[in-house]
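Before any questions on how it binds or moves, here is one chain, the form predicted on its own, in structure tokens.
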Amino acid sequence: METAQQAESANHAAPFGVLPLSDALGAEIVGVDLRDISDDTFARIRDTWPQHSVILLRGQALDEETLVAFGARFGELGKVLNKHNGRSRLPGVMYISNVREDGQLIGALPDGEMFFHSDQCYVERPSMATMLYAMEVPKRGGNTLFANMYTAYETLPERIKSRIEGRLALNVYDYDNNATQRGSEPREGIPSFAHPIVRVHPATRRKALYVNRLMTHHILDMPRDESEALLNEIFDHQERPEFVYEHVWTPGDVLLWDNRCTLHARSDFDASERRMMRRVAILGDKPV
């Protein structure tokens, strides 16, 4: 019977390949060890990514420095805005974890379900991309779901497209209250920024929805009750199962996703089980 180590070794020795993850979006790249990739191999990874929006590389063994080095090849790393960052040695790395040491959490966003969102959409220059590396995962749950915002926009009814054309929505995020589920009125002083409801991807030039259930608070210059009703209709549409790929994590998985054209969410899991992820983000441009 093949051991996990033998399987990993075989995977790294295999030629570069691309395998679809779902009909909705995503692809697995095989035959790559991120600890040692040539410029040519990186170029193939970089060119594959926009076609699929989410890419997966399994069986990796990465320390902070290697993860940061790989992320930096895509662009400038974003700052860690969440203050729960006690474990990292490097400024661009954040831990997503429910693990405690000496009674203190060593990472952010420890437990429970997390609503669909796009990382750092509440700042002027949100993350272009996020990379997550799995170190420890629960037996069940804690999966990450990705939704295709190209398809979500393209399949919107025309009556909704006409109502949101050219409009902005305010995105907010409260690190301390309702960090994983939609809250009520945002507290004064929390990060917030207004971005287009529909953005144009700078590389593909395709339109994508750029609102989300967790962080989009309201549509500007629209009565609040009308805004709430319209947003809820959009949220329900963009989270339709046919637009979504659900990733079941295995230690050693690396996922890179495009925040400009996808949303992601987390399923619930047993809080008594350990979950530890290492994350880096790549800085993007102001959405247009």
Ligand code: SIN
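Quick note: we count residues from 1 along the sequence shown, nothing fancier. Since the structure is predicted, the reported quantities are computational estimates derived from the model, not experimental observations.
Just so it is clear, the following notes concern the form predicted together with the named molecule, a form of the same protein that is not shown.
Engineer: Which of these stretches, 204-212, 189-197, 110-118, 71-79, has heavy atoms within 4.5 Å of the named molecule in the predicted bound form?
Structural biologist: Stretch with heavy atoms near the partner: 110-118.
Engineer: Contact with the named molecule in the predicted bound form for T151, defined as at least one heavy atom pair within 4.5 Å: yes or no?
Structural biologist: No - in the predicted bound form, heavy atoms of T151 and the named molecule never come within 4.5 Å of each other.
Engineer: Would you please decide whether W257 lies within 4.5 angstroms of the named molecule in the predicted bound form, comparing each non-hydrogen atom pair?
Structural biologist: Although the named molecule is absent here, W257 would touch it in the predicted bound form, with heavy atoms inside 4.5 Å.
Engineer: Can V123 be called a contact residue for the named molecule in the predicted bound form at 4.5 Å between heavy atoms?
Structural biologist: Contact check for V123: no, nothing within 4.5 Å of the named molecule in the predicted bound form.
Engineer: Give a yes/no on whether R278 approaches the named molecule to within 4.5 Å in the predicted bound form, heavy atoms considered.
Structural biologist: Although the named molecule is absent here, R278 would stay clear of it in the predicted bound form, with no heavy atoms inside 4.5 Å.
Engineer: If you check in the predicted bound form, do I96, L132 and T144 all have a non-hydrogen atom within 4.5 Å of the named molecule?
Structural biologist: Result yes, every residue of the spot touches the named molecule.
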